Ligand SMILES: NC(=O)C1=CN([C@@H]2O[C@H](COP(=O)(O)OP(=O)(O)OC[C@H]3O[C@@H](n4cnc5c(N)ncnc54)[C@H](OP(=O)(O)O)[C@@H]3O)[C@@H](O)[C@H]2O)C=CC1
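As a starting point, one isolated chain is supplied in structure tokens, in the form predicted alone.
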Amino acid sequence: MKILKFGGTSVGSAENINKVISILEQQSKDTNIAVVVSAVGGITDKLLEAANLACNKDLEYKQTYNAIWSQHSKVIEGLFENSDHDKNLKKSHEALYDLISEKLNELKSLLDGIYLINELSPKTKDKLLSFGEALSSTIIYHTLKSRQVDVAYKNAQELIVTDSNFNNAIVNFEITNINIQLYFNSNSNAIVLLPGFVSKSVHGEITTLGRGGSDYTAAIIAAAIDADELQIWTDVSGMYTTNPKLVKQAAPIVELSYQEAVELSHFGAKVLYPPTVMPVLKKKIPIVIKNTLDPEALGTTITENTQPNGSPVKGISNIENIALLTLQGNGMVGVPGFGKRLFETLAQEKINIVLITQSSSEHSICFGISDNDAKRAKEVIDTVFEYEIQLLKIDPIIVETDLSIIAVIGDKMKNHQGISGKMFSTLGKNNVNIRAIAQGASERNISAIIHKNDVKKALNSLHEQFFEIKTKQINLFITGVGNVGERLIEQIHQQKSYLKENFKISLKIAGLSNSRTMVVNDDGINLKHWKQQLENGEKASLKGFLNHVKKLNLRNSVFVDITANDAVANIYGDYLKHSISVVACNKIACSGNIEYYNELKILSRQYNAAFLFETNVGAGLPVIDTLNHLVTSGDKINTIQAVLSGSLNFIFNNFNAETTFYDVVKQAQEEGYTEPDPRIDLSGIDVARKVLILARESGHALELSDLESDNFLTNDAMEAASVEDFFKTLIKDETYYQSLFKSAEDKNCQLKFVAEFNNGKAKVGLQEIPEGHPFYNLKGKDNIVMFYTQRYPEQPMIIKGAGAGADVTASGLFADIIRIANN
């Protein structure tokens, strides 16, 4: 015989009850079954709400009662929607409606009585709550009968006998087991339907079995008759590897041991009520958790022994709304009795302890309880230890709220080294601060208390570590989506599948911002329609964007700056302090005040968040990465020589005696090689910033003011009031610019704007490069960097290639993102 229990969602609507009936008809073909049902979904809460309103003399209880009436009426109408065309069905419909009306009138009288006497005792509360299961089981029974199903109805109150501990009665198994056995031995119906949760005391008073009581009812019956199987039908396909509402990659667990199921249930997996396991555990009866809405799904089977699988960790669970209380003081050390007094006090107040940890010094005891009990616990503990507190032997109890417990669970964990190391290193990498740790002697679970805001990130990070095929998700927040930003988004969209398939890297753009609007989405932004989403986003704000990123608190978050904005550069530190990596195309942070540059480097190490800026020099060329590898491996940079401006290289490669300097600069501006104001490029300030960054990365503390700059522009050009006036000076001073070209040509040289760093000093300026020099044949917008080091003293290490352009700059940013993903 099998016992099936259906929860509130399973019987929450006519549609779902019809699915339940289909399951019962199918399963009863093979064996007799007993079916335990919960109240219709949401009714138990409504019953409590109505009772509390009535007790508080609030006439709104009548509205809640009407909602209860309406909900049951809707279910009945849905189950008998075709009764007008069938005389027998109509008769059954009317009879059921009258029966439910009678029960609901009893409920109304009880609520009216609570209102009149202004009191809700535990005994009355149990009587009130029993209506939920009585109503649902009556509806389902009469529906089954109307469809000619071989079914019997048995009120569980006639079988399950308890003490008089109302609201959470303790079962008298000696009497209860005999009652159940006698009934089922004499019953021959294919299906027996029973209400869950309800029972009666030895004195005949209505009692209830507490939270999860319907599960418990089913387990009691299963154990009493040695059932072949206990099935718990709910609205999910079993117990999951973690909370599927917080972790989308969570999956049903096929097999669990009884102990693993109890641990997962204790630590927040609400599919199964922990005491349910106890009656069937002794009898070794399998528990199967199934989905009413998807009955073909495999579900979770809970047995004594499970088959070994790939991971020793079976699940990750969490409990919300936890307070951490700490009793501490030097007067506790070596003095017996503190623990006894502490826990006796909590027991007397009926305050349940969820987690305990004590330091080996005996200086403190930490324990986790429900947030709702924290204030009361502090009051009673401070009162009990008032004498010791006055003598300064111990401190007043310390209370921390807004916490949650996360627990990694699995029977086989004790046989595997490194589980706790993986758990805590994963949390640490994601800046999840741990307030307390507990591990049982069985090593079946490792629990940690963390802030409630970190739960989603912690569960996702741990799930990725223990259950996913080593796929690392990177969450990107990009500000600045102009030409380069657009190309970066295109590249990410193009490469997403390739990276996931070949490198187990999953890239998700979770936020975009430009100077006008911003959009942030936890589920990721649709890269086919990102422009429309951004256009319809909220008003852009640097602080607002940062706050969105912090609030989402996603693992492996990366802020990508593709602007040239001072204000954006000045906010990097705020991201790094929240363990959010920074990838910067913007050169301002690394070439500005050296104190800020050093601060960002320190924050990056302190908060384990990358700070990468490869595109600051050479766009997509691996200049900084190569330099860092040289320095890290112990090499010393002696000299750097470089052509670092694609725009200036383009200009001087196209300038000759047959062209005018004005025409070439104008062409460079129109084709996007220079800034809208070409003086920014021609002044050499951009090149100066680049060589300054290389000098700093080489270990030299230089400021921009320390650089020597040989400006080849005329004073009139630099002092022009507008870009238009600047171009006029180029026409006026053409003879001067031609003289620069003629001087180089006469020496068989090429004009190149060169950056140099040597012996701790740096300079930039226009140089005449002789034939045969590596810079001589540099074409187009190419950059070139030569490193002379201790290991490369005569023949330098040379990096050469396109140093400007939206595509190569975007690819450099992309490379930095992949470096973070591979870390």
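The first residue of the sequence shown is number 1, and the count goes up from there. No experiment lies behind these values; they were computed from the predicted model shown.
Here the subject shifts to the form predicted together with the named molecule, a form of this protein not shown in this document.
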Worksheet item: Should Gly801 be classed as touching the named molecule in the predicted bound form when contacts are defined as heavy atoms within 4.5 Å?
Response: no
Practice prompt. Decide whether Lys531 counts as a contact residue for the named molecule in the predicted bound form under a heavy atom distance cut-off of 4.5 Å.
Written response: no
Worksheet item: Does the named molecule come within 4.5 Å of any heavy atom of Ile562 in the predicted bound form?
Response: yes
Discussion item. Check Ser370 for me: does it contact the named molecule in the predicted bound form (non-hydrogen atoms, 4.5 angstroms)?
Written reply: no
Fill in: in the predicted bound form, segment of 597-605, 208-216, 582-590, 390-398 with a heavy atom within 4.5 Å of the named molecule
582-590
Fill in: Listed residue (Gly421, Gly482, Pro336, Gly204) with a non-hydrogen atom within 4.5 angstroms of the named molecule in the predicted bound form
Gly482
Discussion item. Just to confirm, with a 4.5 Å cut-off on non-hydrogen atoms, which of Lys282, Arg516, Lys732, His629 contacts the named molecule in the predicted bound form?
Written reply: Arg516
Fill in: in the predicted bound form: members of 532-559 within 4.5 Å of the named molecule, any heavy atom
Leu542
